[in-house]
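The form predicted alone is given below as one chain in structure tokens.
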């Protein structure tokens, strides 16, 4: 008898709770703006997060409610952003495109390995074995984890086993940042053309034994651009809050570790030694 009473009590409680939930749902229901669906359809469906939102749907909601401008979707085209703005009757808004940058120029034509790694073809796996075997501990291992991680095909490995970012395809999603075990990738505004293509913490010409384009911490770029560039941890650091649209700091760099990035690729200063070799360094183990 007690068993049946308990079942009846629990059943009654369940009915009461279900009724309360149904009433609350009806009272608290908020109709969703149908424009959210329309705006979401106009977006590129990349769900890359470059806009600062976790996906296209949350971004569409923010644009419709006025919390974001269509221009924050840097992955869409100018026409696409203008279409959304026209549909909602709002300003497009300006947002600079962001892209991934690689802080290394040490392809196998200029950088050597001190050990031959044999194992899973993955930078993350190689990094667990004495740092990967590359002469420069901080250098790119060239096993393409970043290329595989990029779902937008914005990264390809060049002939020297160095990743190259296609700025037109890059969505600044940050997957390459997470994938690189050497922390060589970071996301920057596309206007950041003055770039330090090295992450070595070693000072002096000793780095050149392992990488011909490594930073020697000579400090000439900092001397030529005081205030804009400072030396920290044996590396020049550019203050992008200041006027950085200048090629002056690259001119006296002896190795070309600091470059100017443009559509034709990285430009080095006049003092940088020319790199002619295309194949792997002969002093690197095969």
Partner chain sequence: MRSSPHSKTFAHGVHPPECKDDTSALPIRQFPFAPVQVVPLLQHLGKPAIAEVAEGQEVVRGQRIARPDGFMSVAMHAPVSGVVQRIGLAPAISGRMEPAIFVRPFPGSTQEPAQGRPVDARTATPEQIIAAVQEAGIVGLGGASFPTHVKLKLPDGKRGDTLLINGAECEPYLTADHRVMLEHAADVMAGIPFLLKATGTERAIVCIESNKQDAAAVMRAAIPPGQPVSVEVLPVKYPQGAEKMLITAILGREVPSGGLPIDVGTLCVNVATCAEIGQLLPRGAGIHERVLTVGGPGIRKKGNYRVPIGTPLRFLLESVGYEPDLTRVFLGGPMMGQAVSSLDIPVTKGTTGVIGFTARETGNVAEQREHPCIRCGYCLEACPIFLNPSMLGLLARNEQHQRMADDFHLMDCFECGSCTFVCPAHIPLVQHFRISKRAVRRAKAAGK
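Residue numbers count along the first chain shown, from 1. Keep in mind it's a predicted model, so treat the numbers as computed, not measured.
Separately, the form predicted together with the partner chain exists; it is not shown, and the next lines address it.
Trainee: Quick one: is residue 208 in contact with the partner chain in the model of the complex, heavy atoms, 4.5 Å cut-off?
Mentor: Close contact is absent here: in the model of the complex, residue 208 is far from the partner chain, nothing within 4.5 Å, heavy atoms only.
Trainee: Even though the partner chain is not shown here, does residue 115 get within 4.5 Å of it in the model of the complex, heavy atoms only?
Mentor: Yes, contact at 4.5 Å.
Trainee: Taking the shortest heavy atom distance, is residue 138 within 4.5 Å of the partner chain in the model of the complex?
Mentor: It does: once the partner chain is placed as it appears in the model of the complex, residue 138 has a heavy atom within 4.5 Å of it.
Trainee: Should residue 165 be classed as touching the partner chain in the model of the complex when contacts are defined as heavy atoms within 4.5 Å?
Mentor: Contact check for residue 165: no, nothing within 4.5 Å of the partner chain in the model of the complex.
Trainee: Of 172-180, 101-109, 212-220, 67-75, which is the one stretch near the partner chain in the model of the complex, taking non-hydrogen atoms within 4.5 angstroms as near?
Mentor: Looking at the partner contacts, the answer comes out as 172-180.
Trainee: Quick one: of 147, 95, 202, 189, which gets a non-hydrogen atom within 4.5 angstroms of the partner chain in the model of the complex?
Mentor: Checked against the cut-off, the match is 202.
Trainee: Given that the partner chain is left out here, which of 90, 156, 120, 82 has a heavy atom within 4.5 Å of it in the model of the complex?
Mentor: By the 4.5 Å criterion, the partner-contacting residue is 120.
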